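To begin, one chain is listed below as structure tokens, in the form predicted on its own.
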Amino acid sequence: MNIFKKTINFGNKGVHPAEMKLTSGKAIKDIPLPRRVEISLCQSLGKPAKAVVAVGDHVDRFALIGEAQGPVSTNVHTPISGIVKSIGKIETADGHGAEGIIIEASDADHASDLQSICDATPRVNDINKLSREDILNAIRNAGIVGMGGATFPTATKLAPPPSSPYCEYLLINGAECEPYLTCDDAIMREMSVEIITGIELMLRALGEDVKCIVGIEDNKPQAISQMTIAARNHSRISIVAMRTRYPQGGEKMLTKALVNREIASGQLPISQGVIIHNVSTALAVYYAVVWGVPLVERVMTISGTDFVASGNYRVPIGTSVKELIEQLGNVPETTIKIVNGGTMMGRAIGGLQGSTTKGMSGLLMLNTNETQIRETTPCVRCGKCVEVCPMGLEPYLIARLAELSRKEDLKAHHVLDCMECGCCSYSCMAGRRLVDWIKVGKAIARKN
């Protein structure tokens, strides 16, 4: 195993907002299995899964309830046993709604589920006996998607088409550069051996010549230490400390930092011989292949300066957001904004609505000091947004073109390359809503 002693970074772009890692160092706590779940069938970037159960059916814990519809869709499973109460439109955190399945457990179902947790045993004792197909099938069947937020199906990414360049590097994103979020830090501290095993399984699926580099920002010394110890006997896995800088976890930034390769506009990491996965995804791969457990829960950060129960929690997917927060102590009266995800790339939500999903990494309750809304004034042409943009764009200009609906000019200025990281809005002296307008510009550019 190679350990890089020197801290590296992706360059001089980006920003370093106040970290606000209020839950750093806090142990992962389990949220009890709910008696009722509302599970969205839209759990990936692609098409929603198709329900394979009917109203009135009894389903067991971990049963398949939604079948993937294509390579960018994903299977959906239930975290609890119970009766299917309804199939149809359910409320979601983003307010848009989605097709989903509601399941309710009886007393007997709930007792059986709790006992099954106690009785669980590994399904695979020697991963060296598994073939590439065994691993990919287990990952695909388990419905694993990218858990850093992108929700791209993991098995699809691990099996690029034959026409793609050969994969040389598997990069594992442990940067967690978003303020507040510490769920990845927590699993690296507490479950480093399991994560490394998950990485080893992905390497076996990719090929014998592929090397892995795990990038972790240097504000997570315990995670770096634990991952280093866990990887010490793995010659193909290196642990790398990266300078803390947002948005280090972006795929182009991570590729530049770890292997010094640049991904061209419109290209994917595989164009540079790179495949990228998140540490939470690697952990899910371990449980899917070794234990036969589908992706029915995830660790997420629930935080806020005034929230008394801020911490890292293992939460069953489909848990009601409202019930989740009420279990922990209710929303503080000082909260003026609730965010799904992190403060830089997360989305504000209208309230405690919807249920948890595979891609929900955090839930933040922010007061006025944590989310100050500045008055918007005319652009002063300071150039700060250009200086910090990690994609080398001109945010001030793209935002103005979006206001004017100038489709061709938006394309010419590479609006679709924007990763919506928020560095421009964060740095704007005039308080302009640059990212919001750029999102509008992207929608305009995509119109036929």
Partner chain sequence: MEEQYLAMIVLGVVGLASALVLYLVAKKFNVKEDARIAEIEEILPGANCGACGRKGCHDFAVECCKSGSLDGLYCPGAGAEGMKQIASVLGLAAKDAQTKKAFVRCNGTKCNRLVGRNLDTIKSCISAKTLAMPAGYCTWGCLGGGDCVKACPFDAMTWDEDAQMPKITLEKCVGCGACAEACPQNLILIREIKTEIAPVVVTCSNREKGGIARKMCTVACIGCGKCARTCQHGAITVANNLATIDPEKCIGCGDCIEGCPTKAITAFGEIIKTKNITTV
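Bear in mind the structure is a predicted one, so any value in this text is a computation, not a measurement. Residue numbers count along the first chain shown, from 1.
Although it is not shown, the form predicted together with the partner chain is what the next lines describe.
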property: Full three-residue contact with the partner chain in the model of the complex, heavy atom 4.5 Å, for 113, 191 and 197; result: no
property: Interface stretch in the model of the complex with the partner chain - options 267-275, 172-180, 89-97, 211-219, non-hydrogen atom within 4.5 Å; result: 89-97
property: Listed residue (15, 430, 440, 22) with a non-hydrogen atom within 4.5 angstroms of the partner chain in the model of the complex; result: 440
property: Listed residue (348, 120, 83, 108) with a non-hydrogen atom within 4.5 angstroms of the partner chain in the model of the complex; result: 348
property: is_contact(residue 353, the partner chain) in the model of the complex, heavy atom dist at most 4.5 Å; result: yes
property: Close approach of residue 387 to the partner chain in the model of the complex, 4.5 Å, heavy atom; result: no
property: Proximity of residue 403 to the partner chain in the model of the complex, heavy atoms at 4.5 Å; result: yes
property: Contact test in the model of the complex: residue 373 vs the partner chain, heavy atoms, 4.5 Å; result: yes
property: Contacts with the partner chain in the model of the complex, stretch 310-339 (heavy atom within 4.5 Å); result: 337
